[in-house]
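In the block that follows, a single chain appears as structure tokens, in the form predicted alone.
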């Protein structure tokens, strides 16, 4: 009988529980949140340029030029897995038009080459290797084609759609489709008027949750440079109306920063190569980026609300070179070492305001993505502070917003104190987004305070951490 008396109390408590914050502004699709949670992916530029030493082939290269002597996509996937990447994107068709799969819409493919007697298929081997290693598989299929005779006409749009269709749905799930190189022919070259709505529909119909990359998305956007550096202010929202990929793209500083209150959710992707060039060259074997350089890139990409797409080009054997592979493993070991110990753990946290028990500030210290700290509606400048069990040394501060409810924070300040001394500012920033990592001087403190000094709506944060690099 006593259980029946509990029912009204439970119902009353539920009725008194505050509702979650209402979503604010433009929101990501669930598959965009999943994409950003990948954080780092591997790019593989591979094709005729691997054998010619060019960055941009002109489309006249013989098909037999492509001839990897020991292709091993399992080695690519194993390398990616060891480096902590969550997916691989391959240049299935670069600007020269050569296709790494037997594309029935083209006569410039592996099927016309002597490699494996014309029966080879790089996409089949790599997609299988990715599945075996638990990695996601993506493709770069350039709309620009310096080989196809129909390029520069309306007919080419139909050819390109057939090219997309010959990949999408035939190699398992595609997590990202890269559109690149809209037209690099120059003023005297062929002018192709791309049917972007048709291309987007083709991808969406075949792969509903694929993220489409270009200067203006619609799934994710170029960061505006090839150095792996996102803007210190980086909104995931962008105004894309009136723009298109290539020459019609927004200015590079806009791509880097995004637009506050942008009408579309188009998060940033920072692409950069581990070598000076995008394709492998023997002359660059001693010019692989150092671990320190890769760490800097991580902080200016993932640490600034962007996804990092690091290019690691296979060599003319069809393997990731040993120097590149070793550097990736060293880099991953460094990342794991830095972020293995969250120095904020064990601290007591309190906030200037609370929305209710479900949304309390202690949620900032757990790793459950869907739990978060929130404050009452209208409070756009809350703060929280954490008291550590003892004085600790750190130089990295991590903050995350719960982006399924929108990106909100526009400015914040981080302060530190030791033994009750006055608060001193150690870092400040503008946007947070999915993830923000602030680099500070090496700081010893037993108390940290984060003050949100500007937000578009009540902040919703789901992670705070302190680390030492």
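Numbering follows the first chain given and starts at 1. Remember, predicted model here, so these are calculated numbers, not experimental data.
Beyond what is shown, the protein has a form predicted in complex with a small molecule; the following relates to that form.
Chemist: Heavy atom within 4.5 Å of the small molecule in the model of the complex: which of 140, 359, 196, 115 fits that? Just give me the one.
Modeler: Looking at the other structure, the residue within range turns out to be 140.
Chemist: Identify, from the list 133, 226, 296, 244, the residue with a heavy atom within 4.5 Å of the small molecule in the model of the complex.
Modeler: Exactly one listed residue reaches within 4.5 Å, namely 226.
Chemist: Looking at 90-98, 235-243, 378-386, 337-345, which stretch has residues with any non-hydrogen atom within 4.5 Å of the small molecule in the model of the complex?
Modeler: Single hit among the candidates: 90-98.
Chemist: Quick one: is residue 45 in contact with the small molecule in the model of the complex, heavy atoms, 4.5 Å cut-off?
Modeler: Answer yes; at least one heavy atom of residue 45 falls within 4.5 Å of the small molecule in the model of the complex.
Chemist: Going by a heavy atom distance of 4.5 Å, is residue 156 a contact of the small molecule in the model of the complex?
Modeler: No, residue 156 stays farther than 4.5 Å from the small molecule in the model of the complex.
Chemist: Can any non-hydrogen atom of residue 324 be found within 4.5 angstroms of the small molecule in the model of the complex?
Modeler: No.
Chemist: Is residue 394 close enough to touch the small molecule in the model of the complex, meaning at least one heavy atom pair within 4.5 Å?
Modeler: Residue 394: no, not in contact with the small molecule in the model of the complex.
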